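First, one chain by itself: the form predicted on its own, in structure tokens.
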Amino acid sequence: MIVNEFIPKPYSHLLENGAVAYSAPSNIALVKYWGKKAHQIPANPSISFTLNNCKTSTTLKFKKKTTDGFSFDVFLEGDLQTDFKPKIEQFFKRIEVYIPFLTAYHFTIETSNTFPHSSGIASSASGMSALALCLVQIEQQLNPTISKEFFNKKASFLARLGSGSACRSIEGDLVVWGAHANIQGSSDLVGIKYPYEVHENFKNYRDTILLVDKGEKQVSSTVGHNLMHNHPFAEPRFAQAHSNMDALMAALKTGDLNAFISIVEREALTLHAMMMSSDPYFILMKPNTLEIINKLWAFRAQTGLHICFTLDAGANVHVLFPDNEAKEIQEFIANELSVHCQNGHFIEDNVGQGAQPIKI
């Protein structure tokens, strides 16, 4: 699939060398994307909160070369990472038609996260979106007429080709990815800012991430997505996602926190149910994941506070709650839930507004 809109005209010149930098946030899906078609096309639409504190910062240095092919080194927290090279090379192959200067330079990719890598906090989403933004930033230096709107759209398009959910990490605060009949402008190719009214209840929403397991997942998201092919419950799941998108849209408009909780928790458990019923099957939740969920449910029933959870493709628990209930809920997390985290660690986050350039 070639999308001509994103193929640039020939550049009048190339820079000899330079450096650009961007920070891009992680995101947490409320309606989940699980299962994809060719060319990183999602099997169902999704919608996510863009996070604020959980992010990847990437500096991309480039220097003209005379050899053929891709040439790059990747550093995470200052350490050379050869394990990352195959995924980035695959990404470069997918996007070369849209970023034709890729073979003209040797790139040094220096990246760091504010959260543990590969532990289910969408590090590929923030990492690939930061890299895509850096590449479009170089292109903007070669073609200064690129508008901000097109800049974000192309960055989202490219990021998707590196990691599907990365296309939701360019902007904030709510981003939709995947064509949905009732969301104007929604697309399988890019993430878009949620275009409709959102009630004040969901402004500055909080997300505290409980780090149950900081280790690398036993099953990668890529493998998990592929197991949706021929999954016995795939088609009903995709239909459910569309239905839940409509229900969530209504809750976002009216401020219905109870409806929001029901949709978001059902989506999280459905995601893991798909994993547990695939062939081969697998479980990413840990015993402490379930301990946290049960304690959270009991606390919500006891207090009436609007605390809920969601899960990504991992063991960690995202605890979501409105800003005006933060004090009591944060005390509960610190006193009751943190004991189920690895070394007691958790990250306090909130909904953010998207990626930002870094001055260098």
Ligand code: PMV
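What you are looking at is a predicted structure, and each value in this text was computed from that prediction instead of being measured. Throughout, we count residues from 1 along the sequence that is shown.
Form predicted in complex with the ligand: not shown, discussed below.
Q: Might Phe321 be said to contact the ligand in the model of the complex, defining contact as any heavy atom within 4.5 Å?
A: Phe321: no, not in contact with the ligand in the model of the complex.
Q: Although the partner isn't part of this model, could you tell me whether Lys286 comes within 4.5 Å of the ligand in the model of the complex, counting any heavy atom of the residue?
A: Lys286 lies outside the contact set for the ligand.
Q: Although the partner isn't part of this model, could you tell me whether Ala313 comes within 4.5 Å of the ligand in the model of the complex, counting any heavy atom of the residue?
A: Result yes; Ala313 sits at the interface with the ligand in the model of the complex.
Q: Mark Phe49 yes when one of its heavy atoms lies within 4.5 Å of a heavy atom of the ligand in the model of the complex, and no otherwise.
A: The answer is no: Phe49 has no heavy atom within 4.5 Å of the ligand.
Q: Residues in which of 146-154, 77-85, 257-265, 219-227 have heavy atoms within 4.5 Å of the ligand in the model of the complex?
A: Stretch with heavy atoms near the partner: 219-227.
Q: Just give me the single entry in Thr111, Ser163, Thr208, Ser278 that has a non-hydrogen atom within 4.5 angstroms of the ligand in the model of the complex.
A: Exactly one listed residue reaches within 4.5 Å, namely Ser163.
Q: Need the contact residues for 243-278: heavy atom within 4.5 Å of the ligand in the model of the complex, sequence order, or none if there are none.
A: The stretch 243-278, when checked against the ligand in the model of the complex, contributes only Leu271 at the 4.5 Å heavy-atom cut-off.
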